[in-house]
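First comes one chain, alone, set out as structure tokens in the form predicted on its own.
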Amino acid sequence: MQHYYHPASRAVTTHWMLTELGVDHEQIVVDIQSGETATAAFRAINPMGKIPALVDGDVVVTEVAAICAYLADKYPQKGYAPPPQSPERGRYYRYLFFPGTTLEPMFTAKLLGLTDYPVQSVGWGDVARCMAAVDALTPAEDWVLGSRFSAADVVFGGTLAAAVQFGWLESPSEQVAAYVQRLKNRPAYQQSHSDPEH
């Protein structure tokens, strides 16, 4: 299994997931600055020319949430996802996909100063509703599925941790700040985020 990675990218989150799982893989550092993601060889893996990417035999997975979900399901014995028929599965999916479909577009729009757009026509709505959802979804204690840490915490929590670190989330609530700190206290988080930039 090969993980295409750069320490100053979203691949830090998938690296964290792999570290949590403790599974053997080959970490391939992609030099973004020199244009390695634009090569024909890399575009054959991901036509978007983005990292992370995971290659597992004949299976290619891109996008942070998809990679984390794939890994959690590949290693069910590790307990990072509820069983497929579990009632918790819906909640788990919600947290997995909320960051990529809602939070990241909202942060991007905010950083670009975009305010004049049809709120009803975009998938993320507006900043006020996104932030209300963050506060409502962030667990007051433990993790998003209660006492069990999961891939959903890696994706949702990893997005919040990055947002706080890079100032996209300027004034996190006490609840968000406490959740982010719980994440940062995990040994796998510390190991996977040991690069000075993170």
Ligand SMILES: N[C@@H](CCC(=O)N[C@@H](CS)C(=O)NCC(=O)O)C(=O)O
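Numbers follow the displayed sequence, beginning with 1. All values reported here derive from a predicted model rather than from experimental measurement.
Only in words, not in the display: the form predicted in complex with the named molecule, which the text now covers.
- Looking at residue 132, you'd find every heavy atom of it more than 4.5 angstroms from the named molecule in the model of the complex.
- Proximity of residue 138 to the named molecule in the model of the complex falls outside the 4.5 Å heavy atom cutoff.
- In the model of the complex, the named molecule stays beyond 4.5 Å of every heavy atom belonging to residue 54.
- The named molecule is not drawn, but in the model of the complex it has a heavy atom within 4.5 Å of residue 9.
- Taking the partner from elsewhere, no residue among 110, 126 and 163 has a non-hydrogen atom within 4.5 angstroms of the named molecule in the model of the complex.
- Although the named molecule is not shown here, in the model of the complex the stretch 11-39 places heavy atoms of 32, 37 within 4.5 Å of it, in sequence order.
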